[in-house]
Ligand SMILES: CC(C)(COP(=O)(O)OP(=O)(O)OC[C@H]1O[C@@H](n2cnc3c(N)ncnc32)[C@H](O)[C@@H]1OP(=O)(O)O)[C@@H](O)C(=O)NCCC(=O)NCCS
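The chain below stands alone and is given as structure tokens, in the form predicted alone.
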Amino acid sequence: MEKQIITAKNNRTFVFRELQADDAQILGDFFVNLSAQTRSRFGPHLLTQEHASLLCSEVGNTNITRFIVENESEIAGYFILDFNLFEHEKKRYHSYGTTLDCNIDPVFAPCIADKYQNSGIASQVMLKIIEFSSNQGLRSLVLMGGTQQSNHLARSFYKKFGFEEYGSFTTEMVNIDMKLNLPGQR
């Protein structure tokens, strides 16, 4: 994917692109600067500098595509498309009458830095991710681990882009499974 320009509501510009091997420092800074609240809503992996280094060292060698939104000095957003279907996701969706195929139904995890939330960046990136996914011939995007039932802003955000709620499951809290069936796909 080529780099693309994203413009926030305040007209500040950012670059949306795939994560690169040399992004370890800024990715680690992004992780460690997330607030406790954001961390509680985003947890696909460790959010440490060390883990950022590991993720960047694996770029191109896994079945995961990672994207960032950055300006000249920091990351404003981080997004994951993971084609390694998690067994628990597959079982839950099967209970809803939906069969997932990790090759065309990746799990998706988005995160925006606290100071850039509600800036319009996530909406623009969602459009780019949907376009990228459709162009790759993917069938759907499955929200990784769903979203917390109490997170009404996130649920509304995903619904705005066509994600549907499929059911709920309980961990430490109630979570809602959400999936976007991509237009024009299988």
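Residue positions are given as counts along the sequence shown, with the first one as 1. The shown structure was predicted, so the numbers you read here are calculated from the model rather than taken from an experiment.
As for the form predicted in complex with the named molecule, it is not shown, yet the points below apply to it.
Visitor: Although the named molecule is absent from this view, report whether Ile64 comes within 4.5 Å of it in the predicted bound form, heavy atoms only.
Guide: Because no heavy atom of Ile64 falls inside 4.5 Å of the named molecule in the predicted bound form, the answer is no.
Visitor: Indicate whether the named molecule has at least one heavy atom within 4.5 Å of a heavy atom of Ser133 in the predicted bound form.
Guide: Because no heavy atom of Ser133 falls inside 4.5 Å of the named molecule in the predicted bound form, the answer is no.
Visitor: I'd like to check something about Ser57: if you look in the predicted bound form, is any of its heavy atoms closer than or equal to 4.5 Å to a heavy atom of the named molecule?
Guide: The answer is no: Ser57 has no heavy atom within 4.5 Å of the named molecule.
Visitor: Report whether the minimum heavy atom distance between Gly120 and the named molecule in the predicted bound form is within 4.5 Å.
Guide: Because a heavy atom of Gly120 falls inside 4.5 Å of the named molecule in the predicted bound form, the answer is yes.
Visitor: Which is the contacting stretch out of 48-56, 33-41, 64-72, 133-141, given heavy atoms within 4.5 Å of the named molecule in the predicted bound form?
Guide: Contact-bearing stretch, as computed: 33-41.
Visitor: Taking the named molecule as it sits in the predicted bound form, which residues of 145-178 have a non-hydrogen atom within 4.5 Å of it? Please list them.
Guide: If the 4.5 Å heavy-atom criterion is applied to the named molecule in the predicted bound form, 145-178 yields Gly146, Thr147, Asn151, His152, Leu153, Ala154, Ser156, Phe157, Tyr158, Lys160.
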